[in-house]
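This document starts with one chain, in the form predicted on its own, laid out as structure tokens.
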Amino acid sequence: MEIVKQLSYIPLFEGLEQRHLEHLAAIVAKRKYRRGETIFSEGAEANGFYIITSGKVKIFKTAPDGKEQILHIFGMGEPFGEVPVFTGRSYPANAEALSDASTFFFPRNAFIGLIKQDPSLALNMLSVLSMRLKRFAALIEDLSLKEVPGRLAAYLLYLSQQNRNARDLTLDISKTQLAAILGTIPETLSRILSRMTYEGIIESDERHHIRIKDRKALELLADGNKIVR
């Protein structure tokens, strides 16, 4: 019953009937990973998907020259590895525990079997996957069309929106990891943070705390405008 209760709090399964949660609880497996441990590798068979119950997981691709591009960092309650489970294809990227992490693992065959029995089980997942697709489309646009200051501004606004438009943010990843997400290097990221602080757009400190002081300027920067003061 404890697993059923935990599942009921996960956005992917929000609103499901008790019987659905009980069916899911019957097939789920708990898996734990140490920081830096590989969860799955790009090209591996997609034999199931995961939901994080504690810790953080990074999804990334590695270029032939060894350069790492972080696609996303997921935290508690978020699913990952779910798309190839439905398509029957291999995992399109790597997944690694960014910290000690615990997950629920849903085997592909068992999960597909539940959906065949009751298709309504998939409705919530479709909504979540649609939002995920929208976020990845925005990420691709940011990386391909915007300069690094615009990418950073868009990322900070995204974090703010995730926290009900909060002004005070805490980056729970390192500058190296954030730079990888934004497609730049830590030195460039530090210079841009310093410049945005100097211009009065944000306040930042070495403890990864950021305060948005001028949201309008941040929005203009995210849209590709240069701020002149």
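Numbers for residues come from their place in the sequence shown, where the first is 1. Note that the structure is predicted; figures quoted are calculated from it, not measured.
The discussion below concerns the form predicted together with the DNA, not included here.
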When the DNA is placed as it is in the predicted bound form, are Lys134, Leu156 and Gln161 each within 4.5 Å of it, taking any non-hydrogen atom of the residue? no
Even though the DNA is not shown here, does Val148 get within 4.5 Å of it in the predicted bound form, heavy atoms only? yes
Consider Ile185 of the chain shown here, and say whether it contacts the DNA in the predicted bound form, taking contact as heavy atoms within 4.5 Å. yes
Looking in the predicted bound form, any heavy atom of Arg31 within 4.5 Å of the DNA? no
Given that the DNA is not shown alongside this chain, does Thr170 nevertheless sit within 4.5 Å of it in the predicted bound form, heavy atom to heavy atom? no
Name the stretch, out of 162 to 170, 191 to 199, 37 to 45, 22 to 30, where some heavy atom lies within 4.5 Å of the DNA in the predicted bound form. 191 to 199
